[in-house]
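The chain below stands alone and is given as structure tokens, in the form predicted alone.
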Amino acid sequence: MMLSVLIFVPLVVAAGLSLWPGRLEAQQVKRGVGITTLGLLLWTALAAGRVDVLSPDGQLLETLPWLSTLGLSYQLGLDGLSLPLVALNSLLTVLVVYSSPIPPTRPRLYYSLLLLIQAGVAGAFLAQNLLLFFLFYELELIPLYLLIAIWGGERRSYAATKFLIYTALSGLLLLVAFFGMAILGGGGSFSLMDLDTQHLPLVTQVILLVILLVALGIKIPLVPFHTWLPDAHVEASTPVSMLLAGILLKLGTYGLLRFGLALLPAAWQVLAPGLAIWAVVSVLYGSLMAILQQDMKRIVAYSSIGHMGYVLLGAAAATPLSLLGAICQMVSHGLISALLFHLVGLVYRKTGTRNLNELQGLLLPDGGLPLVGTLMILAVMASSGIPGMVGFITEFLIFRGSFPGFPLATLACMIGTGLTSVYFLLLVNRAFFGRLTARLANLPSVSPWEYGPAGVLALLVVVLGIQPSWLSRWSEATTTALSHAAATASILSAHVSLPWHL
């Protein structure tokens, strides 16, 4: 039951906090939750140590019968697709709890919601049953809605409602796709081991995949389903933005590989050129919109849309190298985006604004925020794909693996890396260089505990950039096997033509 610990411990602690009859000091609550999340991070490391990285199959499997009449069983497993993301979830939750200022109201509810999100995300990445994945996919919806609606900014109600509507629609479409797969390819069972979707008629596969792509495209999010993301980030608190960009968006990209490519490979090959074009649109649109923004948080939010496009490009190519790059890019983006949002939050906390028209000179050692500026420069270098940072090697893997199949799309996405440098150079130049204005002179100092999460994330960004094999080794066997299986299925179904190909 090693994997179940990652789900049920945060659920039990969250329930205990909510139902505790006596009074608890806010600092006690934070300390207890911090110890819990740190323990879960260590438990994740212990589970990772028991995984054979040379095996592409699911490991540490747990299976219990549940609602057999509905085709729902409690099935968990860990492989190269899920392990890096489970570890990222555990790490970011520790940093978010550590960096979160104690809310002035309802601290027990606040930390309980963070634990519910951790449990839901871990369960989704570990689920080996479509319906079980859906349940965990929906579990994080209400906690994140409440975190934005209660502790967000001035327009928090609008942003939270918009997020709720979009994500609810995503869940509905996902459920439709899953029911189609289970009824047509699994005899009513939602278990991944029982599904035989690859032998469905190609037209049926394409229809199911289109529904799945729309559902997960909302979650990622990809253009044109992206409009909820900038509003959610701007109104959410810094810790919530770190979780949202760092790990929650990865539920969508993970779903593309686990359920789209793996279960419907023939249809995936048919739609792959369109997916590559979709990736280009998201990369270029996200980058161009980021250039136009004045709010630092909006810039980072739109950058996430662009960087998720790289993952889609790697998934569309479906080569061993591009798929490995896609998984590594999810982790890379999770680390870099969490670092960027944390630093933007520090700037806002000390200056009271995120508007680039009101900021300048923050890098100055006298009265400014020099260490924040230094870490920000490192973070934007990583996001721009500068060699020596983890962002470079992950994007290189995607581009190198995708170029043979989609050369024009790959070149267009490479232009996106140049645009990333443009909007982040604009951010750094306007906010951190120049002279401090009178309003910004003698800013409050940043305490060491505020720097802690940024230090951990920056260290990982550099270390994994210098030694990327420490990251890629966990997924290489699984992504290679997934690519070969998809290619084989595509060859076997090559004789089947769609109506529009006749």
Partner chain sequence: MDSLYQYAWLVPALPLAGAALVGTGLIAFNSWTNRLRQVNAALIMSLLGVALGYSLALFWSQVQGHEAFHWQFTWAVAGSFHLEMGYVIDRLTSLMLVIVTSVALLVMLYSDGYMAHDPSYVRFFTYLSLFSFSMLGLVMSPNLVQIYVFWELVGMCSYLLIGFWYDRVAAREACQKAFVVNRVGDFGLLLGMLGLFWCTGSFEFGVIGERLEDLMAAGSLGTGLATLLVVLVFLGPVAKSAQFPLHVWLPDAMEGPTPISALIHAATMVAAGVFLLARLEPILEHLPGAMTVVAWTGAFTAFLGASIAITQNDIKKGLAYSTISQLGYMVMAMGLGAYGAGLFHLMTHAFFKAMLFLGSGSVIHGMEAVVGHNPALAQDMRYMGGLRKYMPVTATTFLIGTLAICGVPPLAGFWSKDEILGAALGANPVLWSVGWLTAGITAFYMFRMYFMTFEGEFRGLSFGPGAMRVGELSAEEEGHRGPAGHHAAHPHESPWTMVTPLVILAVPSVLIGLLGTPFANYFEAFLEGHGPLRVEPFAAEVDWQEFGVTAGSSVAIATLGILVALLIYRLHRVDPAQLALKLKPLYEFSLNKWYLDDLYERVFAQGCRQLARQALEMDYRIIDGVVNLTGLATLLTGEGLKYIENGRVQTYALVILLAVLSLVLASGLA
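Positions refer to the first chain, counted from 1. The shown structure was predicted, so the numbers you read here are calculated from the model rather than taken from an experiment.
Below, we turn to the form predicted together with the partner chain, even though it does not appear here.
Fill in: Per-stretch contact check against the partner chain in the model of the complex, the hit in 201 to 209, 238 to 246, 334 to 342, 169 to 177 (non-hydrogen atom, 4.5 angstroms)
Every other range fails; the passing one is 169 to 177.
Worksheet item: So which of Pro224, Gly274, Pro104, Gly352 gets a non-hydrogen atom within 4.5 Å of the partner chain in the model of the complex?
Response: The residue from Pro224, Gly274, Pro104, Gly352 that makes the contact is Pro224.
Worksheet entry | Contacting member of Met193, Leu184, Val428, Val214, with respect to the partner chain in the model of the complex [4.5 Å, heavy atom] | None of the others qualify; the residue that does is Val428.
Discussion item. Considering non-hydrogen atoms and a 4.5 Å limit, does the partner chain approach Gly465 in the model of the complex?
Written reply: Contact with the partner chain, yes.
Discussion item. Would you classify Asp79 as touching the partner chain in the model of the complex, given a 4.5 Å non-hydrogen atom cut-off?
Written reply: Heavy-atom contact with the partner chain at 4.5 Å: absent for Asp79.
Worksheet item: Would Ala122 show up as a contact with the partner chain in the model of the complex if we use heavy atoms at 4.5 Å?
Response: Although the partner chain is absent here, Ala122 would stay clear of it in the model of the complex, with no heavy atoms inside 4.5 Å.
Fill in: Exercise: Leu83 in contact with the partner chain in the model of the complex, heavy atom 4.5 Å
No.
Practice prompt. Taking the partner chain as it sits in the model of the complex, which residues of 378 to 392 have a non-hydrogen atom within 4.5 Å of it? Please list them.
Written response: Result: Met381, Ser384, Gly385, Ile386, Pro387, Met389, Phe392.
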